[in-house]
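Just the one chain here, the form predicted on its own, laid out as C-alpha cells.
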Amino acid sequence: MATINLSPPQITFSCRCLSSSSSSRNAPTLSFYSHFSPSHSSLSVSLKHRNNTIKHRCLITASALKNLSETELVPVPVVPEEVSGKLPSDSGVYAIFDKNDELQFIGISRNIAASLSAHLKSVPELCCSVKVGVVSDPDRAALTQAWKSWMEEHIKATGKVPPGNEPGNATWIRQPSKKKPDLRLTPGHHVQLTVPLEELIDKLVKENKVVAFIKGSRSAPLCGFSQRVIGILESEGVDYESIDVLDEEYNFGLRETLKKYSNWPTFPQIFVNGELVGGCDILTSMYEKGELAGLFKK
C-alpha cells in the first residue's frame, strides 16, 4: 500500500464504478464522488494494488496524464444537451471553472460528458469552462490516481482545496435520495385476485411515468443488471417505481405474466410512459450516449 499525506484538511476519495457484469463482485453504481471527513487535518489518499500488473498499468496511465496547469481550458456548452457532442464521454478526471476562471471543483467520472451535463443543470452559473483529462485505462486505482494528482497540484499552487471539494460542500455532489418502498401488485399469495394480473401490470405502467421491474428491491438488488439499472436511475435523479419480480408472496406469477405482456424474455425491464424501453443493456447504452435526460422529459 502507498500512502501520501498532505496538508490541509483530509479528503478521502471514494469511488464506485459501473459494471455491465452480473457478478456480485462488481457492485455497479453510477457515479464517482469525493467524500470528505472534516475531523482530520491532513489530506490522505491510499491506493491498494491487487497485483503488480495493475500497479504497472496505473503508473503508465498516471504518467501519460497531463498536469492540471498544462491541460487546455475549454468552454462548457450553455445547453446541457450539447455537452455530450462537444466533450468526451470517456472515463477520466475533470476540473470545472467559473466565469472568472476560478477552479470550483475537481471530480472523476466514468462518463465525463454526462457528469458535466448534470453539473450544468444543477449549478449553471459555476460551470463556465472545464479542463478534462481522459484516463485511457480507467480502472479504479488509475482514476483515483488521476484525481489525486490534480488535487495535489492545485493545493500545492494555491494552498487550498477547491470550494466544491471542501468538507460539507454539497454543491457538486448529488445527495443520496430517500429510498422509496418497492411496490406490491397483490395483497398476498393466498388472496384471490378479482382483476387479472396482466391488467394490474398494464395499470401500473400506464399510471406511473417510470417503472422498473427488477430482481430484488431497489435497496438490495439481487443481480448485477438490476443493480446497474437502479444506479442509472438514481444517478439521473429519476422518480421511479420499482417492483421485485422475485417476490413470490406479493408478486406471485409476475415474471411469466410480464414476459408475455412485454414480449421481453429477461429482467430487469424498464417502462417509460407506459412503453417498454428495454433492459439493462439498452438503458446503459442510452445513459452513455446522454440520451436518457430527453427520454425522461417526454
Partner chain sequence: MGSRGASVLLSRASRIKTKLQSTLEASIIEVEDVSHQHAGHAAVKGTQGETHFNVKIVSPKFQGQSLVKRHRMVYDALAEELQSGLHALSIIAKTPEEAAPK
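Just so it is clear, the model here is predicted, and its values are computed rather than measured. Residue numbers count along the first chain shown, from 1.
What comes next is about the form predicted together with its partner chain, which is not displayed.
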property	result
Site test, L222, V277 and S285 vs its partner chain in the predicted complex, non-hydrogen atom cutoff 4.5 Å	yes
Interface segment, criterion being heavy atoms within 4.5 Å of its partner chain in the predicted complex, picked from 214-222, 123-131, 186-194, 149-157	214-222
In the predicted complex, P265 touching its partner chain (heavy atom, 4.5 Å)	yes
